[in-house]
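Single chain ahead, by itself, as structure tokens, in the form predicted on its own.
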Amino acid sequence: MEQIPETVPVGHSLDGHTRARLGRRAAETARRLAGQDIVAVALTWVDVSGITRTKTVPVERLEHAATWGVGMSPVFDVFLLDDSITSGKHIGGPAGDLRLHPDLDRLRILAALPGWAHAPALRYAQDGGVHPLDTRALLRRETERLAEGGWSVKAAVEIEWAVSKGGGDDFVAACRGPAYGMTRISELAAYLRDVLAALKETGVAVAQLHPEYAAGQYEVSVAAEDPVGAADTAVVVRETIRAVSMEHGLAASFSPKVEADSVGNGAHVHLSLWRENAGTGPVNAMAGGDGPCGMTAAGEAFAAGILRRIPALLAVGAPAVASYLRLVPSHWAGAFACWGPENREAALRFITGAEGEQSRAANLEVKCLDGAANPYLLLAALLAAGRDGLGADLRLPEPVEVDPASLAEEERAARGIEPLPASLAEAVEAFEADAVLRDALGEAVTDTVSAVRRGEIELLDGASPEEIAAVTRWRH
């Protein structure tokens, strides 16, 4: 899908001229969609709890939605995962309204939902100003801040999900073959074929799909793109998988912990830092340098900035109480704040790529993240952490090339290898104490994140692991 400039420049308010231009373009888009038998457009946003929510418009109302927006209560930003409502300093209660505008540059026809199209929502206040809790606008702003220094980032989100057969709230694995085994492809070949076909028809470039460790679990990897596009794609991939699963009489769970006694679903984020070179085009700062694993000084600084803030980043990247049932040592979840080349037990895995491909393929994989995260908020926080590392010219510590849990506690302490927060409460404390993230995300977002996290901690206080898994299983 060809990418064209954003509908509204980052941070700009909606004036009369912009509204008229949006309306004209939406009218043309609506005529094209109607000619393809599209009857409605789903405008989506992801709330602070990581749940994709929507308002939809008939295709003939797309022009009005693009010009004037669709009304929405700001209180959705303080919904908890069970749809109960908390409140923060900046949001809460029934009063107030904001407007959802479709981003026409990112509109896609949804192959898995015949007759439907999807457009991520741009959120504005009624006066036309950007809403302070629009995490998609926040991510756009972070990409612009990096661009001011001459940098861009390519990103992709891996999606893991578990497939259940039958109805009801329990999880019943839809296939039972060995971990990573071809048997699991054979068991659900028609289903997986339809997932891949629907993603391709929707315009998603799939890199690979494979069975994962747990029974019924799969993972799909997609091509890297700009960070906003990567977050948009993550939303579309999940909704496509969900729809295809339902069509096959199955159910898909993206929860960080589907069953208390099994491994969970991650949502690893891949990042690479790039700089435009007038002579050769974009150059990957994660390769071709004299730093560790061939990183340039800038690539190393970017990585070090993320590593330094990982405990605080968990409040947006592993944001559910259930996340900490998954984030345990020796489960490939990255439960220690360290980095290492191709180390799947490090929170930050450095991927070099095959020899001869490093200049294109070298990237960071942040492993301690899961599918309960709002991808826009998470990517914005990751970019902010990396940008701070660039500004401070940070350096990475020595790499860790073994499972950190296999080291004696004294050796881990001597090498500065700290375990990540063991609970959401610990992650929230680190987040609230992090001045860099607070400055980047803004007071309204940081306060609302804390309010929602503390609300969910209270909601599940005293619950058993089985109860936590059950409450979370079908929410994301």
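Note that the structure is predicted; figures quoted are calculated from it, not measured. Sequential numbering from 1, following the sequence displayed.
As for the form predicted together with glutamic acid (GLU), it is not shown, yet the points below apply to it.
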Contact between Val244 and glutamic acid (GLU) in the predicted complex at 4.5 Å, heavy atoms? no
I'd like to know if Ser164 sits close to glutamic acid (GLU) in the predicted complex, meaning any non-hydrogen atom pair within 4.5 angstroms. no
Is Ala335 part of the interface with glutamic acid (GLU) in the predicted complex - any heavy atom within 4.5 Å? no
Looking at the partner-bound form in the predicted complex, is Gly386 within 4.5 Å of glutamic acid (GLU) by any heavy atom? no
Can you tell me which of 353 to 361, 395 to 403, 113 to 121, 327 to 335 lies within 4.5 Å of glutamic acid (GLU) in the predicted complex, counting heavy atoms only? 327 to 335
The unique member of Arg344, His248, His90, Arg145 whose heavy atoms fall within 4.5 Å of glutamic acid (GLU) in the predicted complex: Arg344
Which residue, Thr240, Thr233, Asn265, Asn374, has a heavy atom that falls within 4.5 Å of glutamic acid (GLU) in the predicted complex? Asn265
Within 205 to 224, which residues come within 4.5 Å of glutamic acid (GLU) in the predicted complex, counting heavy atoms only? Glu212, Gln217, Glu219
